[in-house]
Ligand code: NAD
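One chain is shown next in structure tokens, namely the form predicted alone.
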């Protein structure tokens, strides 16, 4: 597609979809041609106010939008006729149901981590396996937790090798806007049996021996990971810090600078980013330790934003627009990744 912008549709203008739409709009080699909603709520109106063309995700609900005084350009089927690729940002498991629609329309598709790996030809993380998505028609961007784990483990593996990883995920229970579900007063093993799904999911994009456990807690802001990594060669803490500092999609925070919790990291991001979106891993520099030859560290993951740059890079890989480093550089610049460090 030399000198032509990739025409991108976003199916599902919600937590991830609206961020993907904004990110696509910032790319010089892509064009956002429309977004979908299932109902004429405030997010649908915001999309229109931003100038995004709105389509009904469910064809027989066009009249619902019209009765609400919100006109649409057509249905998802009409949108797919104009698209080169659709970014499916539907709720988990709905994307798999949508795949037949995309196949019929003859468009490429990117699915999110809420879908099983089998929905796509490959699972995707830009750092770990960009080349596997080159030229593919169906790609799955792995989940927020998997993305965060993969980035950190990729850096460690490339620099020091990895024998074994043990990871504990302390998961936010829902996204901030959700008001119909939650965990008000409790800590929930998720699941009770080992392993959590995160370890096997990491292995779809990175060859590493990993065991994970996860717990849901009553917070909505971020996930927190506690990692224990057995490297092939024992590094010094300064060497680990240096390796992380060279990767723009990883930020190092210090307790001495006031970053004592996820709330302080979010407050920092409120000052520099739209919606306080943090596209990077947030690693507490003070937590990085080497004990008896094993690496320990703690990181926080902003679940609403971390996969957004991965979706953009996946588009470039699928259309063979740029190689990994070129794509990540363009994406980082467009989203302000690496421009401001704490």
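Because the structure is predicted, anything quoted here is derived from the model rather than measured. Positions refer to the first chain, counted from 1.
Beyond the structure shown, there is the form predicted in complex with the ligand, which is absent from this document and is the topic of what follows.
Contact with the ligand, judged by heavy atoms within 4.5 Å in the predicted complex, is confined among 271-279, 286-294, 24-32, 301-309 to 301-309. This chain is drawn without the ligand; in the predicted complex, the residue among 169, 120, 229, 144 with a heavy atom within 4.5 Å of it is 144.
A single residue from the set 182, 91, 200, 106 has any heavy atom within 4.5 angstroms of the ligand in the predicted complex; that residue is 91. No residue of the trio 9, 74 and 100 has any heavy atom within 4.5 Å of the ligand in the predicted complex. The ligand is not drawn, but in the predicted complex it has no heavy atom within 4.5 Å of residue 164.
Residue contact with the ligand in the predicted complex: residue 16 places a heavy atom within 4.5 Å of it. Taking the partner from elsewhere, residue 58 is found to have a heavy atom lying within 4.5 Å of the ligand in the predicted complex. Contact annotation for residue 177: at least one heavy atom lies within 4.5 Å of the ligand in the predicted complex.
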